[in-house]
Each structure stands twice: as structure tokens, then as C-alpha cells.
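The chain below stands alone, shown as C-alpha cells; this is the form predicted on its own.
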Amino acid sequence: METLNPEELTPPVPEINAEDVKKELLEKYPTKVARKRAKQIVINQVGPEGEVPEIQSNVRTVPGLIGQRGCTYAGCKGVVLGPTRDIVNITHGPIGCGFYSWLTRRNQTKPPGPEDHNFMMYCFSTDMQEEQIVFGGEKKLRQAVQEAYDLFKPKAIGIFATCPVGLIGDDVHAVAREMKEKLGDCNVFAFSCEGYKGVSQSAGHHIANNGIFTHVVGLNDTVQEGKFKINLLGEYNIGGDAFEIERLFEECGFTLISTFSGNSSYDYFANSHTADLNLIMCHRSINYVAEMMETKFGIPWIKINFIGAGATAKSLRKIAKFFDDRELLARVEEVIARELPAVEKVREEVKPRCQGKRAMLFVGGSRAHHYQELFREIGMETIAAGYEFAHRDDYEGRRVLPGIKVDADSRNIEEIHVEPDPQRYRPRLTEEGLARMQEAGIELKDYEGMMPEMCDGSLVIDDISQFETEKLIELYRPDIICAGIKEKYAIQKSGVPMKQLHSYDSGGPYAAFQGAINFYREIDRMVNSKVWKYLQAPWQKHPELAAKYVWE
């Protein structure tokens, strides 16, 4: 068991001089661009109290730099609402945006029962044309909502505004209120998530959290049977991750009320306020709703991580300690003891082939942090990492929140004023319970961030550009890079294996114990394949055109 202790698996300091790498990344940029990017590229150094360098994040991408980011609409519809099976999600906009209202992230869900619905395989769009751009699209939106209701009789319909809708001024919220009153038994709500509205898809996460909390959470007061009631927030069931986590919850004796949003449904959201504890996986995408649920209903939250065998065991124990039940604690230990031998067997088989190899992770959400755990477990070093859409607290920890100033971009997102519910506010922890949490070493409402767990001298890059990615490959020659679908093929053409961690390609699950086994084997195959050294594009062998950059 001790072999999976993350402290014993901390990688050595990389030998490459990160200062030289940073200098080389910046020297090709114009002075103004280099000055900005210098604040977003930092060399990690962890102090005695866990303090780390300040990194600039959640700022707009420099025009002309090819980044990894998505838009506000993608974060709202695609990430948070997309994995919910029984809400009809209508994209109000041209069909080009509508493509993303189809299931593109491999979010999985359980097969619906006789009384259930699953609309995830459908692509709903108003398909705005020039006529609607000129004269307005509200009429067509009403027709689309009515048609969706007549065909499917859903419990809820979500409306998502795209860039042209914001530019022409369609009032999607007025249409939603009107159609909700007209239909009667269908909850219709809208999201002002125009793609340009925020710095990145992070703004869409915030807007989605606000909308779900305002229009759905708390609508169903039914108290479900079961002990140790929890919500899992920020888990989107990519490749079946949530299925594996749910299996562990059931075996341990936890009662899962709702997941935001993997393998989830409208009713789960409506009933989520009856849980006793919120668990946050992806801090960036979902911390807003956790904060609001604590204020209104008294539900505390803790940060957990089910990526990595050691992290999974640690998280299960942390949840069990929160409830302070001797039988539950014993049951959790039984489950861990039963699961770990299979993990350890594969890990010992894979580790000799992976030990000392180097990885880079540039993935949105908390994945660039969480997956470092899996690489550590098989002896691999993370020499560079960064997020697409993070804020400073995702990098440096929530300790920096009081010092973060709200800028013009952040003010675009509504901050909902929440007060305790007069009838339903129920603090789950008394003063005695809070003291017990402190004694047990359980931090409530806390996230230490990615950088404190990275080794000194590693490179941390926010919103990495395509040029920077190619330069890092040239300088470091990593054994593997983890990123998203947009970067996948450019990286592979450089002769470096690339693991797509937004939708897992055709792999997964990678969460919990069985997921760790799957990941170990997959990485072993990728980093030890000989095919990459033979990869060379035709124009590299026989160049027909030659050119130079303007600065050369």
C-alpha cells in the first residue's frame, strides 16, 4: 500500500534549465507580447509554506497566437449541460455553432428506462439564417422550443445563446419565460453564454453554474433513502469515469444524490440540495455552484481527486472521515484493500519501462493537475504543465483569492446574490463538527492548486500557444504530451505521442482504481512504441519549398 504514497513518488528535479527555455520561448515575440507572456510562463518554486510564484491567468489570448481555448458557449453548453441526458439543449444560432450542441466529448450515460429520456445523441439548433440575423430570431426560437416539446415532451429545455444572438439582441430569457408559462409542465430556461462573452470557456462554466442553481437546484425536496449522502461535482463521465466512481461509492456505502454533470439528469440536479456533502473534482468548472449551495442550504464542500490509485484511496478515506462513522471507515478500508492489489500488480509490471520518462500536460480544468498523480505512480516526471482556462487559484491555491482583482472581463459574468433559505438552510456541521474536521486534518472549502505539488524547476505555462508547444517539443523532446483534440495531430507529426485527455480518444475510463490500470497500460504502450522515431513527413525528407520567418 505504501508504494502508492505520492510523497514517495515525487519526481526528481528536471535537468533542463527552465530559465533558458523560457528565454527562448519569449525572444521571438514582439516586446509587448513577450512582456505579457512572461507573466504567464513561470518556473515553479515551492516555498516552505507551500507558496509558489504568481502566474497571470484568466486574461484574453493575444490575437494571432494560436491557443487551445474554447469559447464561453462551449463551456456552458458543451461542458456543464451537455452530459445531462434528459434536458433538451437548444443552441440558438447558426448551424455552425449548432454542431457543438451534439455530443462531441464522449460523455456517457446509463441507458434510459421506460419512463426516462436520453437526448444526448441529438443536435438541437434553431439554424439561424440571414433573415433572422436581420429581423431577429425570437420567433424562430419560440417555434423551436414548441417543436422540441411536441416531439419529446421533456421535463426541461435549455436555450443557449451564441455570438450572433448577443450581437442582434435577441432576448432569450424573455422567450424562455414565455414558453415556460405556455407549456406548463416543462421548465424552460436560458443562458446568455455568447462565445465572445468571456476570456475562455471558463466564463461559460460560471454562467452554467448560475443558471442551474437559479432554475433547477432545490425544486425537488424529496429525501432519498440511504446514509452518507453526497454530490459529485465537476465529474463529466468522459469514457465512463463516473461509472467507475459510482461503483466505488456503492461498495463503500455512500449514497450519491447527484453528479454535476456526468451520467446525470434533471431530477438529480433538482434534488441535489438534500445531500450532506459536496465533493469537487474539477475545481474551475463547478466551484461556483458548491459555494452557492453552501450559502443557501448549508452543504459544505471538500476537494477530492479520483485520478490516480493513491489519490482515489486518499479521497475515499477523506469522505469517510467527514462522516465519522466507524463502520463506514472500516468498509472503505476493505474496498481499498480489495482494489489495490490489482493496481499494484500492473503498476509493478509497467513502472520499469516508464521510469524516468518525461511528460507534459496542457489540459483544461483540473486534469493537468490530477493526471500528474498517475504519471508519478509509474515513475514518470511532469516537466511542464498548464491549463487552458484556469484562474490563479487553480494554479496557486485558494489562498490567493482575497488578492485577485475583478477586471472588466470578469464583470461580464453575473454574480448571483445568495442568502440562506428560510426553511431549508441546515448547516451539516456544528461547531463541534468543524473542530473535528480540523483535528482530522480535513480542509473544507480549500484547494491547494497545481503548482504546490509540482517539483521545483518545472515549467508552468498558462494558455500555451502552438509556437510554444512546438518549441517545447524541440527543446525537451518529451516522451509524451497530454492535451486536447486541436493539438493532437500537430504534436504527433512532431514524432511525439500525444494522449488526448479532453475526451480520451477511444480510451477510458481512467478514474479510480480500474481507471488507473487502464491508464498505466495505455501510457506504457504509447511511450514505448518504436513507431514515433520513424515518423517523418514527406516534406522533411524531400523539401520542395523553403522559407524563413520575418525575424530571421
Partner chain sequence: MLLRHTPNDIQERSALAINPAKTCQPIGAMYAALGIHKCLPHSHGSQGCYAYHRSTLTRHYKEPVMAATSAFTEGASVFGGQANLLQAINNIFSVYEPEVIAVHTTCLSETIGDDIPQIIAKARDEGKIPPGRYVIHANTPSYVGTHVTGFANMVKGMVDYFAQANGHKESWVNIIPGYVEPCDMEEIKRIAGELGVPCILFPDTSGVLNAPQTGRFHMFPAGGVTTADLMRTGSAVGTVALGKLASGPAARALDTKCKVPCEILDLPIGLQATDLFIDTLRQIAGVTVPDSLNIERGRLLDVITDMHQYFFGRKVALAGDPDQLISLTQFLVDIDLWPIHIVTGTPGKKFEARIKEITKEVPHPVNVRAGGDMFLLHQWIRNAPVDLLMGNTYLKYIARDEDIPLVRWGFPILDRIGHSYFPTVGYRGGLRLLEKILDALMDRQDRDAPEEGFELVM
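Please read all numbers here as calculations on a predicted model, not as lab measurements. Numbering follows the first chain given and starts at 1.
Keep in mind that the form predicted together with its partner chain is missing from the display, and what follows is about it.
Its partner chain in the predicted bound form comes within 4.5 Å of no heavy atom belonging to Gly507. Under a 4.5 angstroms non-hydrogen atom cutoff, its partner chain in the predicted bound form lacks Gln56 among its neighbouring residues.
In the predicted bound form, Leu444 stays away from its partner chain, with no heavy atom inside 4.5 Å. Within 4.5 Å of some heavy atom of its partner chain in the predicted bound form lies at least one heavy atom of Pro63. Taking the partner from elsewhere, every residue among Pro111, Glu147 and Phe467 has a non-hydrogen atom within 4.5 angstroms of its partner chain in the predicted bound form.
With its partner chain omitted here, the record of contacts in the predicted bound form names 198 to 206 of 350 to 358, 275 to 283, 198 to 206, 446 to 454, defined by a heavy atom within 4.5 Å. Between its partner chain and the residues Gly379, Pro164, Gly298, Gly218, the one pair within 4.5 Å by heavy atoms in the predicted bound form involves Pro164.
With the partner omitted here, the residue from Phe189, Phe152, Tyr268, Phe323 that has a non-hydrogen atom within 4.5 angstroms of its partner chain in the predicted bound form is Phe152. Residues of 106 to 137 that come within 4.5 Å of its partner chain in the predicted bound form, judged by any heavy atom, are Pro111, Gly113, Pro114, Glu115, Asp116, His117, Asn118, Phe119, Met121, Tyr122, Cys123, Phe124, Ser125, Thr126, Asp127, Met128, Gln129, Glu130, Ile133 in sequence order.
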